[in-house]
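Form predicted on its own, single chain, as structure tokens, below.
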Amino acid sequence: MKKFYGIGIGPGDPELLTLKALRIIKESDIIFVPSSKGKSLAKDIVKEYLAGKRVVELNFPMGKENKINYKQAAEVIYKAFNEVDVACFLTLGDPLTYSTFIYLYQEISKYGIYVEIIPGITSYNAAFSRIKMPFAVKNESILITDKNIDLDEINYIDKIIFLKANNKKDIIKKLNQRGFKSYYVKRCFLEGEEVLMDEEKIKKDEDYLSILISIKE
């Protein structure tokens, strides 16, 4: 049976791949990776495991509408199965959590290809390990979002994880008024990693690969 795998490779440290993810990478005839502006962070993270492997970059420009690119990528993958039996797609974090793979999977499914998904460590799980605080304890309510929210509706939320906080200054100010303390983890488990707790520094940083964590004190 021909198989296509969506593999989560975790937040950035190649040692945080699961054993199953590593095995499937080694068994795959072709490895597809997402690329933006000619660069593939996923490829760079696992490069030590790709020696001798056929790697194909699929172009998904970051911050752009990629609907057409997903369709084209699915066609490329489908045609590849004329030559091979096993292929995989690598994605940062987990394949089903705010991932490019979600949209690619929707298109691949139209071709009737058997797909298996290998979960990975999410960026926010990794970030909590860096600030050394529990992600969740009993009876806590947690909100994970990639958009700005109505902060007047968070009365029963204990922790908020912003994967893309576009208006940090306003968010932090309003959350402070509601008794939240903010932490900022950028480039988690990657070169240039930094954990910030100084709110003025947090407000100024614009790194795309960052997470804002707000915890009710």
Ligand SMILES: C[S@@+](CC[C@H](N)C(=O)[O-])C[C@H]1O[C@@H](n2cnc3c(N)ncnc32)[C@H](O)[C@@H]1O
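Treat the numbers as computed from the prediction; the structure is a model and nothing was measured. Position 1 is the first residue in the sequence shown; the rest follow in order.
Below, we refer to the form predicted in complex with this ligand, which is not included among the displayed structures.
Novice: Looking at this ligand in the predicted complex, do all three of Tyr98, Leu163 and Leu209 come within 4.5 Å of it through at least one heavy atom?
Specialist: Every residue of the candidate spot has a heavy atom within 4.5 Å of this ligand in the predicted complex.
Novice: Find the only residue in Lys43, Arg54, Arg187, Lys181 having a heavy atom within 4.5 Å of this ligand in the predicted complex.
Specialist: Partner contact (heavy atom, 4.5 Å) among the options: Arg187.
Novice: Verify the contact flag for Ile108: yes if a non-hydrogen atom of it lies within 4.5 Å of a non-hydrogen atom of this ligand in the predicted complex, no if not.
Specialist: Result no; Ile108 lies far from this ligand in the predicted complex.
Novice: Applying a 4.5 Å heavy atom distance criterion, does Ala74 contact this ligand in the predicted complex?
Specialist: Looking in the predicted complex, residue contacts with this ligand do not include Ala74, since no heavy atom lies within 4.5 Å.
Novice: Looking at the partner-bound form in the predicted complex, is Ala87 within 4.5 Å of this ligand by any heavy atom?
Specialist: Output for Ala87 is no: heavy atoms all beyond 4.5 Å of this ligand.
Novice: Using the partner position in the predicted complex, report whether Leu92 sits within 4.5 Å of this ligand, counting heavy atoms only.
Specialist: Close contact exists here: in the predicted complex, Leu92 approaches this ligand to within 4.5 Å, heavy atoms only.
Novice: Counting any heavy atom within 4.5 Å as contact, can you tell me which stretch out of 187-195, 149-157, 27-35, 169-177 lines this ligand in the predicted complex?
Specialist: Checking each option against the 4.5 Å cut-off leaves 187-195.
Novice: Just give me the residues of 1-40, first to last, that have a heavy atom within 4.5 Å of this ligand in the predicted complex.
Specialist: Contacting residue: only Pro11.
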